[in-house]
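Presented as C-alpha cells, the chain that follows is alone, the form predicted alone.
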Amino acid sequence: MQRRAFLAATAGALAAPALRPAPAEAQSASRAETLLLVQEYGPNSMDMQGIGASQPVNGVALNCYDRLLSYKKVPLPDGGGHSFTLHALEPELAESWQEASDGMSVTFKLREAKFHSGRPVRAQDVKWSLDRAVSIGGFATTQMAAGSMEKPEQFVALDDRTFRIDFIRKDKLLMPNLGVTIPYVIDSETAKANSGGDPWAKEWLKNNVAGSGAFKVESWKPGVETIYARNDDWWNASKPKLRRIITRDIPSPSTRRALLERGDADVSALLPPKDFADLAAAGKVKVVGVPVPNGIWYCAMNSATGPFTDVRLRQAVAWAMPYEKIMQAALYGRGVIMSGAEGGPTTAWPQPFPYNTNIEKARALVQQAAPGGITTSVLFDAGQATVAEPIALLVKEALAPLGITVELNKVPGSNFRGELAKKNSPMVINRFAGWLDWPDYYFFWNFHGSNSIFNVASYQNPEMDRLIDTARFTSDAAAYEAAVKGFIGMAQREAPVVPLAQPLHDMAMQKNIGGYQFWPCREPDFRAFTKG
C-alpha cells in the first residue's frame, strides 16, 4: 500500500443499562436517527484539559465543545469519508481573524453562539479557557506550549466578541494548535459557579460538560456507556444528521466484531489489525483506514546507557529487522512499511529509512561491536500487545542468530509510561503519533536533547537539537528544508529509533453509515456521521 493510500455476544450485551430520564427529544429519536458505536473503553472524565484524561476524552472535547478554529476537510481518495489538512484553517467559534502587521499577535472576532446553559459565548470565556489550559499542568499545558502558548498574559479579551493572542515568539504551530482538542472554549461562569472554590473547577468539569458544541452528554456511566444528544441550538447551520449517539464500552474485541457483523452495532473502533483485515476482505461491512499522520510503530534503542550506546549495534538491529514479517504477522497489512528507502532523506514524515532485512550486514556489524554477543531485553505495553507482542517476538527471533539474546519485558498499560520515564530499558517497542503533522514537531518530542518522556531512546546530540530548533522557528523555506533533511538523515545514520510501519487508523461500520471524518485526535466525529 502506498503511503497516502487510504484504505457471540448475548442479547443482554446490547441491553441498555438503566439511565436517568432522557429529554423528550432524545426519547423520541428513532433508530434511524441513533448511532450505536462499540469501543474497547470510554472516557474516564469529561475534561480533556484535566490531569489523567484518557484518549476517549478527546471525543467529548471534539463533539461537546467548540474551538476558535478547525481544519479544512479533505476527501479520502476512495470516497470513504474525509481527512484534513493542517495547512488550511477554517472558522469555528471565531468567524474571522487578523494577524498583526508585525506578526506578533492575532485578533479574533467571535460569532454569536450559545453555551448549553443558554449563556452567550464571550471573549472572556475564551480567555478563561485558554488561561486554564496553560496553567492546569500535565498534558494540556505541554500541548499548549508546543505552539508557544505558555502564559495567561498572552490572552486578552478586548470586548465581548473580540479576543487577541499575543505571541512570545513567531511559531508556525500556534494557529494550528488552536484546532486540537485541548484549547476548547468552556462556559466559564457556569464552571466557576460550580467550582467549590477551585479556580479551574477541575472536579466539577471532570464530571460535567460546559460547552457550546454540537452534542450534549445525556448520560455517562464510566466503563459502561456514554450517551450523547444533539444540541439543537448549536450555532452551526449544518446541524448533525443524527440526534442520538450511544457509545458502549465492550472490552472484548471478538464481541465488538460479532456485534458489527450481526448488524447490532453501527460502528466499531479499535479492533485488532487482523479483525480489520478480515472484515475488509469479507466485504460485509465498510472498513476505512487512514495512515496515522505523524505516527509510526518503532523499535527504540537506549543510546545513553547499555549496549546500544554503540551505533554499530543499533545499525545491526536496523539491518536485521524483519520488516515484511512485521507488516504481515503483527499489522496484517494495515499500515505502510517504513523500510528500503532509496536516495537521500526528504522533508516528509513519516518516511522509510534506508534499511531493509539484510542479515549479512547485521552480522558483520555485531562481529565488530560485540563478537561475543549480548543479552538484552525489549519493553512493550501489554495494552498494545495485539501488535506489540508479535513485533517483540519477531525481533527476538531475528536477532538470535546474530548472538543477541532478547528477553521480553511485557508490562501493564497502567505502568508503561512509568517504565518509559525511567529511561533504562535497552530496547522498546512503541507507537507514537503527533497531532501536529510537521516533522520538527515529531522530532522535538522524540529526538530532542530536552529528553521528554517520548524520547524513548534518550538520544542526546547537540547538532540534532540545533537542526530541530532551526526547523521549528525559521521562516525561511530553504533553511527549513535543509534542517529537516539534516535531522532525518542524522536519525537514519545514528539509528536510535528504527521505524517499522506507519499504522492505519481503522474504523469499521455498516455500509449505510456515511460521513466518516478523521481528525488528529483520532476519535469519531459524531457531527459528521450520517445513516442511510
Partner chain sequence: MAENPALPAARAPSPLAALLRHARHVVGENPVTAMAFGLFFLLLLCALLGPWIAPHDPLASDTARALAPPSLSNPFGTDHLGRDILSRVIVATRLDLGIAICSVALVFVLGGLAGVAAGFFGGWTDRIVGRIADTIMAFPLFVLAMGIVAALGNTVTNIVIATAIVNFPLYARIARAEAAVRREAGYVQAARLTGNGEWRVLLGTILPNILPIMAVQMSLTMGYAILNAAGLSFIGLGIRPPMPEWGIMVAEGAAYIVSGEWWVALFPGLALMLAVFTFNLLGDGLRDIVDPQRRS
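Residue numbers count along the first chain shown, from 1. For clarity, every value in this text was computed on a predicted model and none was experimentally measured.
Beyond the structure shown, there is the form predicted in complex with its partner chain, which is absent from this document and is the topic of what follows.
- Its partner chain in the predicted complex is not approached by E112, whose heavy atoms all lie more than 4.5 angstroms from it.
- Shown alone here, E261 lies within 4.5 Å of its partner chain in the predicted complex, counting heavy atoms only.
- For A280, no non-hydrogen atom is located within 4.5 Å of its partner chain in the predicted complex, even though that partner is not displayed.
- Interface membership of R257, defined by any non-hydrogen atom within 4.5 Å of its partner chain in the predicted complex, is confirmed.
- Per the 4.5 Å heavy atom criterion, its partner chain in the predicted complex is contacted by stretch 385-393, the sole one of 344-352, 385-393, 235-243, 361-369.
- Listed residues L408, A157, L174, A304 were compared with its partner chain in the predicted complex; L408 is the one with a heavy atom within 4.5 Å.
- Taking W204, Y332, W97, F167 one by one, only a single residue has any non-hydrogen atom within 4.5 Å of its partner chain in the predicted complex, and it is Y332.
- The putative spot formed by Q124, E189 and K216 is not touched by its partner chain in the predicted complex; no residue has a non-hydrogen atom within 4.5 angstroms of it.
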